[in-house]
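Quick heads-up: it's one chain on its own, the form predicted alone, in structure tokens.
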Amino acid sequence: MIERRQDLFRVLAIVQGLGGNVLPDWDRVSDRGVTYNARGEPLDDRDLESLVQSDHLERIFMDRISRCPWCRSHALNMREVCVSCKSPRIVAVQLLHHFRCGYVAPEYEFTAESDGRRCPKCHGMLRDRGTDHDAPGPHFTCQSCDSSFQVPEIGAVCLGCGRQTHSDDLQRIIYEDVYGYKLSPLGAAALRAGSLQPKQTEQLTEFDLPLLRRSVFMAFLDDERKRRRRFHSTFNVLLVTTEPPVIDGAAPDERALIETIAEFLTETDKLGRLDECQYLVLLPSVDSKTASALARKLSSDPSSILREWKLQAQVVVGLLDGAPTPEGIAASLRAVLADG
């Protein structure tokens, strides 16, 4: 166990040396389709995920990979196919619509002449698009079975096992999210402390502060969301934003800030971290009026520590209903801050 913690601490230090984040590199020969490298040294994504679970790293959504439902290969070739025979041997042809006789056909059926095209049905001339004819859009023809259709289907063929997945089975394709990783405030604190101690990965709070680890807070939040859906209970969430003061060029100690915020809360309220300068307060069984009053009280309190950190609080519970994951919640909240 000690050796495992040392290995994870080494990975954490590598991420710090990369500027605080590590991004995936696309790798077509890798089983996963991506690799994580630190100046030529490969990083195991299982180690990165372990550090996410302990809140020492945070995920950054990068992309999504499609995998073959038969062999899980990422080498899927997605292409348009014929609606009848499923062949990818289809071509797009431009249609023309002659207003005078109403004839609609591929452009090549209208004979090209020096002053326009001649309609094969009424033999009239098509000279001015929009006046005597129009082009309603492309049409598709299959060169394998001669079928004609307006919208082709989507199909996939695996370059690994050769199996085909047709439109009726596309829901069987496996989708896997690809993440980058960035150093969290807890990870930075562990690096300053010089090691990953057992209690850092086992306890619910960050060190001995009354501040829940990010994943722990999100679990409590998810429980409240489920309770509201089932029992129609009430809860609210405050977003607390701060701006760390610069004191003689040194990073400020947030301990006094956290302890001061905690003094405003009851024993059932929960304070957790969103990111380095933002926190969330979960208020179970608290209505919006009471939550708004608490937000105003925090924002206007004369305490010197709150003024130094330029603390502002706002009610944000309504923003969380459509963001079930920690990453989704964080993205929703950050989007609101950016719009503001």
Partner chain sequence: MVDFLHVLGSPLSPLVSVGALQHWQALLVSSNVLVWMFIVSVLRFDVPAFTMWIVSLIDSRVLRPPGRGDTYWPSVSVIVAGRNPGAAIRRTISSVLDSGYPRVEVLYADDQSTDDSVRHARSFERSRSVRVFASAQHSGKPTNLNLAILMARGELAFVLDADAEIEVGTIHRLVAYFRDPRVGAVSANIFVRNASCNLVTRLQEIEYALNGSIGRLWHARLGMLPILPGVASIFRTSALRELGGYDTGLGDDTDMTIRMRKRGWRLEFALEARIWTDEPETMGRLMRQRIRWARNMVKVRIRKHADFINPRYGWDNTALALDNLVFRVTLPLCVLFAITWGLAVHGGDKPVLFTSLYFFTTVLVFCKVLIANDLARTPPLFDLALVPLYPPYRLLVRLVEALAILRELLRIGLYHPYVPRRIWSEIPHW
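Just so it is clear, the structure is predicted and the values come from calculations on it, not from any experiment. Positions refer to the first chain, counted from 1.
One more form of this protein should be noted, the form predicted together with the partner chain, which is absent from this view; the next part is about it.
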* in the predicted bound form, does Asp134 have a heavy atom within 4.5 Å of the partner chain? -> yes
* Asked: Going by a heavy atom distance of 4.5 Å, is Tyr103 a contact of the partner chain in the predicted bound form?
  -> yes
* Asked: Can you check whether Ala193 is within 4.5 Å of the partner chain in the predicted bound form, heavy atom basis?
  -> no
* Asked: Quick one: is Pro138 in contact with the partner chain in the predicted bound form, heavy atoms, 4.5 Å cut-off?
  -> yes
* Structure fact -> Within 4.5 Å of the partner chain in the predicted bound form, heavy atom basis, the matching stretch of 256-264, 110-118, 79-87, 229-237 is 79-87
* To do: Tell me, out of Val91, Ala219, Cys71, Leu170, which residue has a non-hydrogen atom within 4.5 angstroms of the partner chain in the predicted bound form.
  => Leu170
* Structure fact -> Residue within 4.5 Å of the partner chain in the predicted bound form by heavy atom, from Thr268, Gln150, Gln164, Gln143, is Gln150
